[in-house]
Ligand code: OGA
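Before any questions on binding or motion, here is one chain by itself as structure tokens, the form predicted on its own.
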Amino acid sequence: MPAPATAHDKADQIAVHPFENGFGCELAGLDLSQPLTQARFETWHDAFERYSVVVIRGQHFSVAQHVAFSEWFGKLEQYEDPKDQAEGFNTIIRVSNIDKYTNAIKSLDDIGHKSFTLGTSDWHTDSSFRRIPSKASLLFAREVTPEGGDTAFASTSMAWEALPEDMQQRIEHLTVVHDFEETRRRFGLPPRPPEIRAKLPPVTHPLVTNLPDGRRALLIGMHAVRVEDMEPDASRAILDELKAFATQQQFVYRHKWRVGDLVMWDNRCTMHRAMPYALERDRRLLHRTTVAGEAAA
């Protein structure tokens, strides 16, 4: 007969509730205001690897704690602009329409705010414009809007598996240029200063990527500019076709935010987008850490 569970064992028991289509899950029983144990982390990590999107509701933790538990998953990307940082931490970015210094709602005349808003409102993959794309993002809701402002997630691994075999064969060896400047170009906004652009030059990634567990996924979205060695019109057509296919309802989870929600997603096999809200009227503040990707062995 097994020994009865101790108080410590019970504290490490987390319930995993998969969503109906197997894309995404909710974890219950995890309090992130308390230090992680190895057992809790392993349950969380396994859920992340299996379901790609993990929702943890009803959380109350500090910025420092957000950084600390995010670092269990790997090295965090840094954000150099102080106005984007939360409480001086350069590993947390403010995803918000609220000015950090005045606490007032930002004007859309602010080019940086406008570029970020337009870019995140379309399907994209965080940091696909980096030489090594990111592994994961962890977004925490501090202020939410009364209407709108949901975040939609699309599984690009489920989409790959559902593609017709002839399309898989057609695209599996293609490479795509990703560029951080694409949002500004697409919407006719002024380019970033040369010194900023020099830090994030265009990069090339395989259109179809390999995941550690053997699955494959599409790496597409807003930052994907063009397919290499393909005519511009044909390139745009295939990227748009794949985005439309990958964002069909059967591949999508839409999250309606509540204060205290933490959502983590796998940038290696998902896209996401911010849904519209009254951004010139309603306040919205979320904090995001981004787990850096790892170079191929």
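Numbering starts at 1 and runs along the sequence shown. On a predicted model such as this, the values are computed, not experimentally measured, just so you know.
The same protein has a further form, the form predicted together with this ligand, not shown here; the description that follows concerns it.
Enquirer: Just to confirm, with a 4.5 Å cut-off on non-hydrogen atoms, which of Val95, Ala159, Ala86, Val225 contacts this ligand in the predicted bound form?
Expert: So the residue touching this ligand in the predicted bound form, by this definition, is Val95.
Enquirer: Considering Thr91, Thr151, Thr183, Ser128, which brings a non-hydrogen atom within 4.5 Å of this ligand in the predicted bound form?
Expert: It is Thr151 that has a heavy atom within 4.5 Å of the partner.
Enquirer: Would Leu139 show up as a contact with this ligand in the predicted bound form if we use heavy atoms at 4.5 Å?
Expert: So Leu139 counts as contacting this ligand.
Enquirer: Classify Arg40 as contacting or not contacting this ligand in the predicted bound form by the rule of any non-hydrogen atom within 4.5 angstroms, answering yes or no.
Expert: No - in the predicted bound form, heavy atoms of Arg40 and this ligand never come within 4.5 Å of each other.
Enquirer: Could you tell me if His124 has a non-hydrogen atom within 4.5 Å of this ligand in the predicted bound form?
Expert: The answer is yes: His124 has a heavy atom within 4.5 Å of this ligand.
Enquirer: Does any heavy atom of Ala274 come within 4.5 Å of a heavy atom of this ligand in the predicted bound form?
Expert: Although this ligand is absent here, Ala274 would touch it in the predicted bound form, with heavy atoms inside 4.5 Å.
Enquirer: Going by heavy atoms within 4.5 Å, which of 265-273, 28-36, 227-235, 57-65 lines up against this ligand in the predicted bound form?
Expert: Of the options, only 265-273 has residues within 4.5 Å of the partner.
Enquirer: Is this ligand in the predicted bound form close enough to Thr102, His113 and Arg283 that every residue in that trio has a heavy atom within 4.5 angstroms of it?
Expert: Not a single residue of the candidate spot has a heavy atom within 4.5 Å of this ligand in the predicted bound form.
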